[in-house]
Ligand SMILES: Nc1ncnc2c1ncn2[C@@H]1O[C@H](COP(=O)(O)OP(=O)(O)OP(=O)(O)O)[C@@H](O)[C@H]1O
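As structure tokens, one chain now follows by itself in the form predicted alone.
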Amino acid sequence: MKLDNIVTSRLTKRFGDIVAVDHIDLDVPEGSIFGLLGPNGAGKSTTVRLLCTLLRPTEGEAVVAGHNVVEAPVEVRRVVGVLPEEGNHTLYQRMTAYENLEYFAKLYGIPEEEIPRRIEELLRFMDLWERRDDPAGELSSGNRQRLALCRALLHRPKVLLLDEPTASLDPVAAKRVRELILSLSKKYGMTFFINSHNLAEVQRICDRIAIIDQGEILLAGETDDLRSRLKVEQVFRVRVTNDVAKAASVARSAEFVREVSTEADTIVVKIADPSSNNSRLMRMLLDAGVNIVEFSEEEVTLEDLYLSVIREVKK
């Protein structure tokens, strides 16, 4: 049976009159990939700092892998790996990739005879073995982020806390980091706690999410369940080769289409419950003789999701 690897109860952090984290309750099962989603300033980074014992709670408690963050901070540090926001900037730039990991392995207290094997295993897993002698400062931002992940994994933590792991990365590097998180989860069964303001990223890799704003948890649960239950209106772009006005008229006639606009050879539609209604709209357009070239999805914005959350909470 899987246990909860991270549990918080009314966890609170105040800085003077500012409440950064406001009585939050979280349960993160062992081996899951959990996403804490919210805008900048919502309280995500403060939550991670509380969980890794860099900050002490004002109220409430948090337990990580069976250890209370206040009563047993040293034990917590032994079982967690941390990748801070833009963790690639926390490496020693003049030291090689190998030297960075060797240095941190000694700080972690890893047995001397174990260090070379662990470093090689991680660098090979991250496709960085051929770059082991390159100074960290000469690596690309994506490779530096992967090296920072190696550092966080050196002591084989049970829980990995990642603060905006793909921030400032180009799309290719960000995709690679997401793939690595999924691979690590599958290979080692680690519990991942990921902070992000990127909804699309969270939807791709997290099996559970919580939405935080102004220090409060607005909603939490399994990703697929929340997405289907909230029925977020999503925007789609439909490019056609013939009558755009006709395509727009057909779309407007559908009861599940909330908004329609046109841009050159494209209609832009906002659809309620897209998982159920995308195929219905496409069939309506095809039956009307509209030739569809492309049917693409725009990422749901945080604003869209928050509006949906607020509507749900007020029901």
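Note that the coordinates shown come from a computational prediction; the quantities given were computed from them, not determined experimentally. Residues carry their position along the shown sequence, with the first being 1.
Only in words, not in the display: the form predicted in complex with this ligand, which the text now covers.
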Point to revise | 4.5 Å heavy atom contact with this ligand in the model of the complex for all of 20, 43 and 85 | key: yes
Check your understanding: Any idea which of 284-292, 34-42, 64-72, 260-268 reaches within 4.5 Å of this ligand in the model of the complex, heavy atoms considered?
Key -> 34-42
Exercise for review: Please run the contact check for residue 164 against this ligand in the model of the complex: heavy atoms, 4.5 angstroms, yes or no?
Suggested key: yes
